[in-house]
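Below, in structure tokens: the form predicted alone, a single chain.
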Amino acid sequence: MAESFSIQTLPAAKTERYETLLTEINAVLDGEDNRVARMATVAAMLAAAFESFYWTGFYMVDANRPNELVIGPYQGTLGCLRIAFGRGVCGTAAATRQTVIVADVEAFPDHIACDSRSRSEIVIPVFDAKGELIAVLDVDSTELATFNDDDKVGLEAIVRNAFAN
């Protein structure tokens, strides 16, 4: 149940924190099949669990414009409303279907500055049970080089369990 989620009980080490958070998220989402509710819950729990996560949320594939992402549930300042596949970090992750880690967004070609305070970013493609791209999970930090392979592995596991199972 959501009431039992407490960031105070999460381990300090990043790898262990992701493992514990995965279990917590799975428990909270158990029995919920609404995709938007699942995205909102994942975004809220991730944002609460990591102090360095400045913006945490989803850009969903728009069913009416299949080569475009539209803002979905998120925690943080205003996000971009739409992002074309292939543009910026989110659009690149959507087009390539690969996780993208950017240590310095200023050095990323065609970076879209939805908020100028963002300094580093990780974007995880989100697939449904059929393997179709349904969204990307975007996490930004105000610090350089916040994200690494531990984040990649942890976040990929969370979205795989939340949306592909």
Ligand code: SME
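This one's a predicted model, so the numbers in the text were calculated from it and none came from an experiment. Numbering starts at 1 and runs along the sequence shown.
Below, we turn to the form predicted in complex with the named molecule, even though it does not appear here.
- Proximity of Glu19, Glu24 and Ala49 to the named molecule in the predicted complex is absent: no residue of the three has a non-hydrogen atom within 4.5 angstroms.
- Note on the interface: of 112-120, 60-68, 127-135, 31-39, the segment with non-hydrogen atoms within 4.5 angstroms of the named molecule in the predicted complex is 112-120.
- In the predicted complex, none of the heavy atoms of Ala94 sits within 4.5 Å of a heavy atom of the named molecule.
- Put simply, Trp55 is close to the named molecule in the predicted complex: some heavy atom of it is within 4.5 Å.
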